[in-house]
Every structure is written in structure tokens, then in C-alpha cells.
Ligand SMILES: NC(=O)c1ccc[n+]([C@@H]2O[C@H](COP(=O)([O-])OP(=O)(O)OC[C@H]3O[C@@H](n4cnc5c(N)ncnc54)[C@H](O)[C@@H]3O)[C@@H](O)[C@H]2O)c1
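Coming up is one lone chain in C-alpha cells, specifically the form predicted on its own.
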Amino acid sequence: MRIFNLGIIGYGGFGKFLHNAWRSLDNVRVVAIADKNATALQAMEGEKTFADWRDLLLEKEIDAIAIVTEPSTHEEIAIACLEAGKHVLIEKPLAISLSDAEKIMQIRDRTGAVAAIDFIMRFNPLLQAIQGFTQQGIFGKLRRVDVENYAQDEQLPPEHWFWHPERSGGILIEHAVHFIDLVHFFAPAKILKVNGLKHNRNPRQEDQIMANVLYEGGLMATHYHSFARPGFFETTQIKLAYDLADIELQGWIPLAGTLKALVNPQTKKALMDNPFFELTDSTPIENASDESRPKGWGISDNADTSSRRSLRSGGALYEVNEIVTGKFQLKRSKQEVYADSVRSSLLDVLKKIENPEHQLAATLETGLESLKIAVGATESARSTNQGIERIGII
């Protein structure tokens, strides 16, 4: 078995998490770490350490490098790594501008190196299951995605790089790209329109922002992200509305969710065969009540549901006979799922290195697509506020 020698550039909290998670991989050795903060490199046990990441690139034994630095540095570091003959795994976002992201992709193509973005949600088994249901059309078409993310800012003082757009890109670019990519993972489609809104706590801190996205085929997505509340309120909700189902997921690393769906025997079997799904209730459609119209509204052609076995949703006709409710559950801790996801992300890159025919789960192209929305919505939000100020509304 081939052993891959890795370097890590950036050894803050997430860099340390990657290092610890990768220790359990038999075919991986972290041999070098670079971080400008000397104290972060104390107590290393055998790994070479560097205060300047450029010195790490001179280590010939290194096969691949994880880039876990401030977003504004990704373009320079990734290009230098690729030109030094190193494969790369880049922490999100790919870059803070579309031009920087495209430069990285151009150098990847010129050097022939393997490069991927660390979109760990693509490796979460619960999300993979839902992606499978979506691609198979078990619930009909996905029509709406609503992401609400409330994050704490207690560990982000005003001087932190996170609040500086020239270093982080802003919340949508630095943070929301994970969730934007999740929509693309579930139901990839051409982006038709993007806009955004934001709020600034003060001139230095843009602490609330949202993006609205319209995709070809009619899927609409909204991403609201706030870094403004205590950790006690930190929560993430992801709502998915299909022609035949509502799914609600909890947590920025989702471990559980609820489902209400209209099914037929085939689609119900697909659900029941999934190890993460547990049925809680089922009702034959003829016994289910439809409260969409109050009594006395009037008689329609569909008033008699006693023999109904088909219905229309989104203009499509579906054969269904039952309404089911249930829950999805990964019976593992957040720490375990998170660590397994970053391990799988790295292993995907290493598989590509060994087998050029392997298709990466999170290509740089996926990073660029999510970045397009984040950049577009951020620019829209900032220009909208400026436009309102100009006409004297605020």
C-alpha cells in the first residue's frame, strides 16, 4: 500500500482538527506543518515545522498539501503548491474572487496536478442518502431550499480577519459556500439569477446576510447567515421542499432530520430500505385530510378523494397511495461524522492521484459554482444598500 506524505499549511483550529482526524489513516503521514504563529507549532512529534509556508514547499517528500489558511491567501498558496508539483486539498472557499479561483484552475490544468476543495458535506452519509433520493426522483422535483444559519460571534472579536472583506470575502464567501454547494450536490442546475440583502452592525462588521438564487427548472434557494448571537442560540436548519415531500435537517453537520412524504409502494420501499430512516406514521391517502381549503369553499372536480391514486404537483402527475412521516438519524456523534467526512475528503483526493480516471466528489469546478453565487449575492447586497442610501430611504 502506498503511503502518502502530507503537508498542512495553516494550523489553527481546523488545521489541528484535520491533523488529528488523519492520524488514523494507514496510508497517510503528516510530515510537515507551516503556520506563521510559532506557538501553534509547539509540541510537534516528528513533523517538520515552518513559520513560512514557502519553505514547506521545498520538501521533496511531500505528495499533497492541505491549505487551511485565510481565504484571501488561497490563490497565492494553491498556485505555488501546484507549481511546486504538489497536489492540493483547499479548504473552502476556493478563493475570495472569481478571477482568483479561475487562476487556480488554470494552473491545475497546466500542471496536471490533482486539486480539490474540502466540501465535507458531500461526504456526510445522511446527505449522501438524501442526494440519492433526490437524483432518483423518489420525492419528485426539488423545488425549494431554505437554509437558516445562526452562528455565535463570541470568538470573533472586531479585529478578527473574519470581519475584513479583503481577507475573508464576507460571510457568504467564507462560510455559506458549504450550504450553497449542498444545493448543487442535491440538484445541480444552471444558475439563472442571484440577489442578496445584508445588515452591518457597524462600519466594520457585516453580521447578517442572505442570498436568493433561482435555478433553471424552477428551484429557488435562500441562504440566511447570521454571526450575531450567543452560542446558546447557534443552530442551523435546512428545509427541502419537493413535489411530494418536506424534509427538515438540523445542524450545520446534519445528523438528523424529519420527513413527510406522499409515496407509492416503490418509493416507500426505497425509504424503508435506507438504514438511516425510521417510519413513525403512515396513512392511506383516502383517509388523509386535506386542509388546504376550508369547509364551504365550494365543490371542485377533486372533491371526492376516496379513490384517488394520483395527484399533480408542480404540473407533474404522480401515482401515490399513502402519506408517511418519519425521521432520519445518524446514530453517531457530530465529532465522529465530522472526522469521517474530512477523512473521506482526503481519501477521495488520494484515490484520484492513484487513479486519474477516478471522478472527484468535490472538484474545483464545484467550488467555482458556489463562489459565483456567494460573490454575486454579496455584491448585490452591498450595492442594494448603497442604492437605498443614495435615494434617501436610509
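So that there is no doubt, residue numbering starts at 1 and follows the sequence shown. Because the structure is predicted, anything quoted here is derived from the model rather than measured.
This protein has a second form, the form predicted in complex with the named molecule, left out of what is shown; the following refers to that one.
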**Fill in**
With the partner omitted here, the residue among His87, Arg122, Lys92, His225 that in the predicted bound form has a heavy atom within 4.5 Å of the named molecule is Lys92
**Request:** With the named molecule left out of view, choose which of Trp252, Phe276, Tyr150, Tyr318 has a non-hydrogen atom within 4.5 angstroms of it in the predicted bound form.
**Result:** Trp252
**Prompt:** Heavy atom to heavy atom, is Thr236 within 4.5 Å of the named molecule in the predicted bound form?
**Reply:** no
**Asked** Any of the heavy atoms of Lys60 lying within 4.5 Å of the named molecule in the predicted bound form?
**Response** no
**Item:** Contact test in the predicted bound form: Thr73 vs the named molecule, heavy atoms, 4.5 Å
**Value:** yes
**Item:** Trp53 within 4.5 Å of the named molecule in the predicted bound form, heavy atoms
**Value:** yes
**Request:** Work out which of the listed stretches, 23-31, 63-71, 355-363, 328-336, brings a heavy atom within 4.5 angstroms of the named molecule in the predicted bound form.
**Result:** 63-71
**Item:** Heavy atom within 4.5 Å of the named molecule in the predicted bound form - qualifying residues of 1-33
**Value:** Gly10, Tyr11, Gly12, Gly13, Phe14, Gly15
